[in-house]
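Shown next as structure tokens: one chain only, the form predicted on its own.
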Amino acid sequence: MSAARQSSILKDSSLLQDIRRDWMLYAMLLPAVIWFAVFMYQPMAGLQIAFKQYSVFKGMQGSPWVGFDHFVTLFQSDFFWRAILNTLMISFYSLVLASPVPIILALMINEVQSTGFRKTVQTAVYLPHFVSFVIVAGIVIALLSPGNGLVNNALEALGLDRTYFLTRPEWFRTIYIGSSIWKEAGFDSIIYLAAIMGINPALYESAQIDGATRWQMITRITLPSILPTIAVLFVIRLGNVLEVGYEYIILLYQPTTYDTADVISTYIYRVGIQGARYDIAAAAGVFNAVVALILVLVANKLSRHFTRTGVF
């Protein structure tokens, strides 16, 4: 018997022994495995629609293969490239502007000495996360209403003209990113706060004995200590760079703001669901997934090179 065969038999035997010993843990894991298999992996069979001239009446198996024709159609569409550009722009601004906010917020909360005040602040900044995007969109629309919106009332009081911001393409990204930061920054700071809580207190005590200021402790101890966490979350964010939340955008955008608001997800929604071109939408989804995979692999490799930390 070959050495490879013997090694395989030993591994199988070891796995069976592990299952017998920890069967309760495996039983607890089983529902999650079944959920992923049914709702995440099984639907992947539908990706073949991207390579077929899909017909609802013929079904997935009866529809003829067309190869990469749908991808060619996508790449020849100006609206698709506009959606890609808008997605990348919104994601880039979110990475640059939104990513540092939870870190800064976590550092500020960590510096609060009063326990009661800290809990109050944490509760206040966490609450928006649990508010539905539908409600957030309603708040934004009400605040920016040209008729009696608070923002326009303030502009009029200052002697400026009222503006319907949600019909102005140049304002859409600012509104979207600003309201998203307000909604999610507090909740995202939980991870960084947990990382800060894991720092050895002896490091701060030693620095204090050496006469370090609070700012020096933050820059020399806190930030370097949570850098691996920052790197991992950055890799995850970069992997979702093409996954801009379309639900919120659909609630805010309109045809006059398509130039800056239409992203890949909303393009897929309009073409695939409203236009009933499921094959074109599937092709766009496959393209989206492939680009996201490449970005995750590259970002993870760079993270491991510079911080020795990665997602995998």
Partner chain sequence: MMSRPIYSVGDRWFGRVNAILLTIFALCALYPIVYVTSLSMSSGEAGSSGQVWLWPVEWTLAAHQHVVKNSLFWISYANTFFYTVTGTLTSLALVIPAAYALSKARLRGRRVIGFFIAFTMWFHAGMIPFYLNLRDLDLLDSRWGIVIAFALNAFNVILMRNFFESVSPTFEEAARIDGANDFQILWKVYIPLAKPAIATVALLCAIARWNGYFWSMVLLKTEDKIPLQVFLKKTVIEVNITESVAGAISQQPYSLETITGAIIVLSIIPVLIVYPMIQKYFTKGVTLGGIKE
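Numbering follows the first chain given and starts at 1. All figures in this text were calculated on a predicted structure; none of them were measured in a lab. Think of the rigid core as the biggest set of C-alphas that the two forms share within 1.5 Å after superposition.
There is also a form predicted in complex with the partner chain; it is not shown, and the following applies to it.
A single residue from the set V72, L143, L155, V96 has any heavy atom within 4.5 angstroms of the partner chain in the predicted complex; that residue is L143. For the options I236, M89, L127, L160, the one in contact with the partner chain in the predicted complex, meaning a heavy atom within 4.5 Å, is L127. Although the partner is absent here, L302 is not a contact residue: none of its heavy atoms lies within 4.5 angstroms of the partner chain in the predicted complex. Proximity of S63 to the partner chain in the predicted complex: non-hydrogen atoms within 4.5 Å are absent; the residue sits far from the partner. Proximity of Y26 to the partner chain in the predicted complex falls within the 4.5 Å heavy atom cutoff. The partner chain is not drawn, but in the predicted complex it has no heavy atom within 4.5 Å of D259. Taking the partner chain as positioned in the predicted complex, the residues of 253 to 292 that bring a heavy atom within 4.5 Å of it are, in sequence order, Q254, S265, I268, Y269, G272, I273, Y278, A281, A282, A289, V290. Comparing the forms between the shown form and the other one on their rigid core, the Cα displacement of A276 stays under 2 Å. Positional change of Q42 between the shown form and the other one reaches 2 Å or more at the C-alpha, relative to the superposed core. The rigid-core alignment places the CA of S55 2 Å or more apart between the shown form and the other one.
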